[in-house]
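Listed next as structure tokens is one chain, alone, in the form predicted alone.
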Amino acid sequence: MRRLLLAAAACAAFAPWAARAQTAPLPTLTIGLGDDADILDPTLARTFVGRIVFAGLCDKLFDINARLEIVPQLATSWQWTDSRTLLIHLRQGVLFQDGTRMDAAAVKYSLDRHLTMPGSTRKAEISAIDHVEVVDPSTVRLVLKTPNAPLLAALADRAGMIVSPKAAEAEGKNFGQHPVCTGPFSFSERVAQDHITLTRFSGYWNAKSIHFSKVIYRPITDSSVRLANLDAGSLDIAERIAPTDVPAVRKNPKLRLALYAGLGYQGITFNTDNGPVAKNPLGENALVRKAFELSIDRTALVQVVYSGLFPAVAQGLPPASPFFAKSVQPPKRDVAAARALLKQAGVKTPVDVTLTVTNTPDQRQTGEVIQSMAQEAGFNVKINSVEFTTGLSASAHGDLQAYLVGWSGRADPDGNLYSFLHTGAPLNDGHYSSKEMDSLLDAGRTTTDLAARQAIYAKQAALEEKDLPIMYLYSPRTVDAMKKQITGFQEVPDAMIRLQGLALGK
């Protein structure tokens, strides 16, 4: 008996050590980003790479899947009790990263913050909300001013991210420097232009799906350098690899490629009425903008810069969208017609144009191709290369004439159009204003019938192509590269790198 007791005691003493030996520490995931993120406050943020960081930091009321279906995240279910009332049932037991509880009051706080905070870039996305009611701790009611077809899709992105009221009140305008949400990783530190580090949040409601101790996001603007870092092993995932590097990734036995359809566009936003910089022929005259468009061969541009991998478009929706207007196609390049329009507009040639581009190799090359093509039609294009967030800030303040900039896209067409083209909308940096456009965009929101919405957005695309406040160029596809050992990568058209289920095998 004594020998049995000693053996049992020895096993008991050994067990904790054995458990520790069998539980290897979780690895760190390092992701190379194409740009640095802007402010890490979902109410104020507007960059694509910022959304990638938010995917690890902030859960949303809803998410979308690979089929663009709305699925629950912080919500568990929802129902329209009538055309203007949305009842949302919330997941119980969810904690913010500061240990406080996420409940209906916190949801109301975040939505009200999106709607009322000065500088909010979410306000236009959910402006149909009249008010938010707390029904009980796990139920919230959204009462709308009018029916709103894109609302759920908006709540599946930054407008649906719920922030800690305690942290937001304590930090005030500095919340973006110390964000607190409900996501799988909490904010640790940030060094601008170098890295953003998030640390695994042990209290995450879906902790079993998280297989990393930290996530480090490193902005590396040069795609070839991102790829070199991935090949060398200092990155685990590199987002937005240049299409010209696709063959190299496919041939590399250490890497694998994720290549799938996207939702967004790349285009040139013209400053039509935002301050003194808009006072020039390009900003003031749609005929001059149309002449500029006719000087550009979109298909040739995509072939030269992106190996023909992206479809050329003349509207803000991708060809795969059910709302894509087949009747609105990019016009063929016609230098003679472009010169004739400039003559009709009565402007002196060459017309000076300052085109601002992001300081990445592909964007600079895109600018150079445009510069060369437009010169033949009577435009003198000067390229102004800037860091991405610098360009966004300058554009918002009306300090740019023409801006080569993209949008990552949303599941609902409203997410690609309303905030950029509606009078007074927060992302309408060029201050384009048209009563007819406003009417169409408003109708697209309030109409839920598919065929009716398709007809509305076809008219909208035709009007936008006529006025040309944004000259759409192409619809990018997502091209990500990663180590062969990465598993669980989700190819969702919004191009977010979701960390739930992602793992690093041997």
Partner chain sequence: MRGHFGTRVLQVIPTLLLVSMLVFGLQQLMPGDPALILAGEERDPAVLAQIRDQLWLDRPVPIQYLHWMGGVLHGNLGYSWRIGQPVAQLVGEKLPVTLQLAVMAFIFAVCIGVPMGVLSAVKKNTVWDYLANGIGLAGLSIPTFWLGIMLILLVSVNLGWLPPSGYVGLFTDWRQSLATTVMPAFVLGNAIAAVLMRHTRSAMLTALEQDYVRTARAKGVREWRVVLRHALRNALVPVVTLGALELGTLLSGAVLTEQVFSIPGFGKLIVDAVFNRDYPVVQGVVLVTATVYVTLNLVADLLYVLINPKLRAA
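These numbers come from a predicted model, not from an experiment. Positions refer to the first chain, counted from 1.
Omitted here: the form predicted together with the partner chain. The next part is about that form.
*Asks:* Tell me the stretch among 228-236, 262-270, 135-143, 317-325 that has any heavy atom within 4.5 angstroms of the partner chain in the predicted complex.
*Replies:* Partner-contacting stretch among the options: 228-236.
*Asks:* Might Arg46 be said to contact the partner chain in the predicted complex, defining contact as any heavy atom within 4.5 Å?
*Replies:* Yes, Arg46 lies within 4.5 Å of the partner chain in the predicted complex.
*Asks:* With the partner left out of view, is Ala336 within 4.5 angstroms of the partner chain in the predicted complex by any non-hydrogen atom?
*Replies:* No.
*Asks:* Using a 4.5 angstroms cut-off on non-hydrogen atoms, would Asp36 count as touching the partner chain in the predicted complex?
*Replies:* Taking the distances in the predicted complex, the answer for Asp36 is yes, it comes within 4.5 Å of the partner chain.
*Asks:* Since only the chain is shown here, I'm wondering whether Gly93 would be in contact with the partner chain in the predicted complex (any heavy atom pair within 4.5 Å).
*Replies:* Contact with the partner chain, no.
*Asks:* Of the residues Ala278, Ile220, Ile216, Val313, which one places a heavy atom within 4.5 Å of the partner chain in the predicted complex?
*Replies:* Of the candidates Ala278, Ile220, Ile216, Val313, Ile220 is the one lying within 4.5 Å of the partner chain in the predicted complex.
*Asks:* Using heavy atoms only and a 4.5 Å cut-off, determine which of Pro150, Gly378, Pro165, Pro426 is in contact with the partner chain in the predicted complex.
*Replies:* Checked against the cut-off, the match is Pro426.
*Asks:* Though the partner is not shown here, which residues of 399-413 have a heavy atom within 4.5 Å of the partner chain in the predicted complex?
*Replies:* Going through 399-413 in order - heavy atoms within 4.5 Å of the partner chain in the predicted complex - the hits are Trp407, Ser408, Arg410.
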